[in-house]
Structures are given as C-alpha cells and as structure tokens.
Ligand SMILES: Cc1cc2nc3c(=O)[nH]c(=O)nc-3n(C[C@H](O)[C@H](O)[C@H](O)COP(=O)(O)O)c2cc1C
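Single chain ahead, by itself, as structure tokens, in the form predicted on its own.
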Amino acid sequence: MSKNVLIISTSLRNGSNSEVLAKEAEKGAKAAGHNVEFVTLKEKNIRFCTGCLACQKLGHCVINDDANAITEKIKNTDVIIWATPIYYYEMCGQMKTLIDRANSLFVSDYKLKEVYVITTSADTGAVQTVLNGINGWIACLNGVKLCGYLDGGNVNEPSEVLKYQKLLEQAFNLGKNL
C-alpha cells in the first residue's frame, strides 16, 4: 500500500552527509511506490518558539514563517523521515527548533503514524541521544511510533558518506521498506 512520505533534511550545509542519505531514502521510497515529498531546511526562515501556547488554541503557530507550512506537511503525511547531522551528541538546532514549532500537532488531527530518523556524525553510536529527543516528541503524539533509524557514523567532511556503499544501501532500503 502506498504511503505519503515526508523527508525533512535539517542540515544547512551543502553536500551534507545526512542529506545524501536522505536522498537515498527518497529513492528507495519512490522505488517502493510511495508518494514522497522532500523538504530541506536550507534557506527556510524558522524562528524560535516563544512559548506563548497560542498554537494550542488556534491549531497553528502565530509566528508567520516557514515553520507553519512544514508543520502542515507533517500533519498531512503518513510517514516522516528526519535527517540530521549530530552536533555535540544531539540533533541539530534547526531540527529541534522545527519540532518545537510543530507544537500545534498536539491539539490537531494528523495522519502521521510512523517516524524514522537518519543521522550522521563524526563518531559512531551517537544516534541514541537523537532518538531520546525524537521519542520525547513522539510521546506527545497519539498513535505515532518510532519505526526505525540509520546511524551514519564516522563521516565528517561534506559528501564523505558517498565513500560508504553500505550506508547508501541502508538508506535506500530504509526508504524502500517503509
């Protein structure tokens, strides 16, 4: 059965390793017949949450920037794949800021059911702290679960992940096996 898949690449770096893997997952998801939308946070204007909680009453954030449109996409997809570089053993700041700004999902009807995570880092095993953060977000959403992840460790330089065929295949298969 075809699913609507949203892939969000959160790195702002050109040639980012996490985006390379996200593009491979996109290829896999398309090969499996899923409807895929790829969003990059590059050149997006996403401001910090102010904690006003107006979104809890209105169903959308009162800050007028790109976060509202992306949150709508999250609300209307079946599957989300987050792709993030790991900085200091945590998801990148852009990703955390977008998650904070998607607080309106807490009071909205949404289709989202499955979450996947792709990480890249200079170290291996750093994915666990990102999964802790994602699980905190998921805990606030009824019926949503973390279904898988890919830990792309030992990559640092832009596009370095292209040297690792096994990681590219794992990313493709993550998308293909949604």
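In case it trips you up, residue 1 is the first one in the sequence shown, and so on. Since the model is a prediction, treat every value here as computed from it, not as a measurement.
What follows is about the form predicted in complex with the ligand, which we do not show.
All of Arg13, Tyr89 and Ala122 within 4.5 Å of the ligand in the predicted complex, heavy atom check:
Per the other structure, all of Arg13, Tyr89 and Ala122 touch the ligand.
Contact flag, Ala25 vs the ligand in the predicted complex, heavy atom cut 4.5 Å:
The answer is no: Ala25 has no heavy atom within 4.5 Å of the ligand.
Name the stretch: of 149 to 157, 25 to 33, 105 to 113, 60 to 68, exactly one has residues whose heavy atoms fall within 4.5 Å of the ligand in the predicted complex.
Of the options, only 149 to 157 has residues within 4.5 Å of the partner.
Would you mind checking 16 to 52 for residues with a heavy atom within 4.5 Å of the ligand in the predicted complex?
Ser16, Asn17, Ser18, Glu19 sit within 4.5 Å of the partner.
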